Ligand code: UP5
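Presented below, as structure tokens, is a lone chain in the form predicted alone.
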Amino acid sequence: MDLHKEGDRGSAKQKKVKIVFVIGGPGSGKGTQCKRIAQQFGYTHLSVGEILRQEISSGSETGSMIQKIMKEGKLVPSDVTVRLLQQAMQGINSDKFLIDGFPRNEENVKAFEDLTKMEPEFVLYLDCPQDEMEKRLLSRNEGREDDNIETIRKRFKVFMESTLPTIEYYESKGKIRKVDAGKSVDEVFESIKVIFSQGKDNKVPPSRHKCKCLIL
């Protein structure tokens, strides 16, 4: 499935594709919850973080560049991220995509909209306290080299500075669906199930969506 190159011929098909973005700070539980959502609601789950790590593992020149950027706790350029995401979506026979860890900044949003001519159905925001996210990252022992305290704190800072403005952008469009991700995995998923069961009918007044900045 090539979202960019299908052109007018694929416009009808494009309109049927449903995309949900899942965003939250590092350690907010995006991957865990996305696996459950995909299983229960029939979405194809794509983790942008995993896509980037797979590119690193390939040993490509792009992968080496991505590795260096991630070690520094910075964000990968939008054109690179969107290109790799599009490649991952190509050839997948699915009309429902759950995209985990994207967009990470306003530039990601613009690149995605410009290249795919699509917007998400809604954006699931996993709102989790920083101390809880830090505790989870330090205890998960997945062997990821970016799970050290120095890089973790850089990632928190990047999230606060870069990702929160995208939350505000989608909030202004009425697309944010926020859940308290500081609770247990099961409790968080119960809140998520309500959102996905109701879909577009799950409208929450803007005043209840106000984002609280993380204090570093």
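Start at 1 and count along the sequence shown; that's the residue number. Because the structure is predicted, anything quoted here is derived from the model rather than measured.
This next part talks about the form predicted in complex with the ligand, which is not shown.
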{"item": "The ligand in the predicted complex reached by all of K16, R36 and L124, non-hydrogen atom within 4.5 Å", "value": "no"}
{"item": "Partner-proximal stretch of 183-191, 170-178, 36-44, 57-65 relative to the ligand in the predicted complex, 4.5 angstroms, heavy atom", "value": "183-191"}
{"item": "Of E107, E113, D95, E132, the one that lies within 4.5 Å of the ligand in the predicted complex (heavy atoms)", "value": "E132"}
{"item": "Any non-hydrogen atom of R83 within 4.5 angstroms of the ligand in the predicted complex", "value": "no"}
{"item": "The ligand contact at G49 in the predicted complex, heavy atom, 4.5 Å", "value": "yes"}
{"item": "In the predicted complex, R140 touching the ligand (heavy atom, 4.5 Å)", "value": "yes"}
{"item": "The ligand contact in the predicted complex: P120, any heavy atom under 4.5 Å", "value": "no"}
